[in-house]
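One chain comes next, on its own, written as structure tokens: the form predicted alone.
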């Protein structure tokens, strides 16, 4: 594996095969330190809440919407390139695009959404419940997705690195997803509008593996693999830049439904959910 100076990162046939079979990849040293340094100031800008007018796109992914900023544990900043267009087509976008093109040559891969995520130090509850990404999204004809997570600092088991159930992407049916119960209910059921977070029930046979990576390295996973991450038990932040690619026609189909991946979207989930 090597990446040329023209921002192309070359996958091997074995890596592509493994991705299709297992639902994920770990790619080491994808960006150089010089390239990473161009992303760091943007991360700090968004994660510290300096971008105005974001609404629910600046939130805590482990707690209900409306949680006071000072109580955030898992800080989320959605769609930084939408709020700051000059951030678009950054080095990570360019390199991830080259990888997505190799993983899904049958379509036209485009970036669907991006987000900055940060787990505060010593926050055991700064965790993502196990889920499948497709459980969050509306029905579309074509569902393939490549989601990239770039480690802006070392991701470890102790600070809540990605964990996956290899091969769960090949299960014939998507597992049932339910909104995380924060005690907010509507008509006797948990209301998804109270929080973005969904959860699934794990199976006894599920075998979870952890994917620790160094700064500048990337994990890639598909839309159906069961995955999540634990809390941060260290004295340092865990910092991640997530970017997802889907087929251009799928993205257009989403947008006609009014779905942009912004937490500010007004969506009738009863009509469009998978």
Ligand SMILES: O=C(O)CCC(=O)C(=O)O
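Just so you know, these numbers come straight off a predicted model, no measurement behind them. Positions refer to the first chain, counted from 1.
One more form of this protein should be noted, the form predicted in complex with the ligand, which is absent from this view; the next part is about it.
Residue contact with the ligand in the predicted bound form: residue 224 places no heavy atom within 4.5 Å of it. In the predicted bound form, none of the heavy atoms of residue 177 sits within 4.5 Å of a heavy atom of the ligand.
In the predicted bound form, no heavy atom of residue 73 sits within 4.5 Å of the ligand. Residue contact with the ligand in the predicted bound form: residue 87 places no heavy atom within 4.5 Å of it.
Highlighted residues 119, 128 and 242: every one comes within 4.5 Å of the ligand in the predicted bound form, counting any heavy atom. The stretch among 232-240, 206-214, 38-46, 25-33 whose residues place heavy atoms within 4.5 Å of the ligand in the predicted bound form is 232-240. Among 133, 158, 171, 110, the residue placing a heavy atom within 4.5 Å of the ligand in the predicted bound form is 133. Checked against the ligand in the predicted bound form, the residues 162, 152, 95, 165 give one hit for a heavy atom within 4.5 Å, which is 162. The partner is not shown here, and in the predicted bound form the stretch 18-55 never reaches within 4.5 angstroms of the ligand through any heavy atom.
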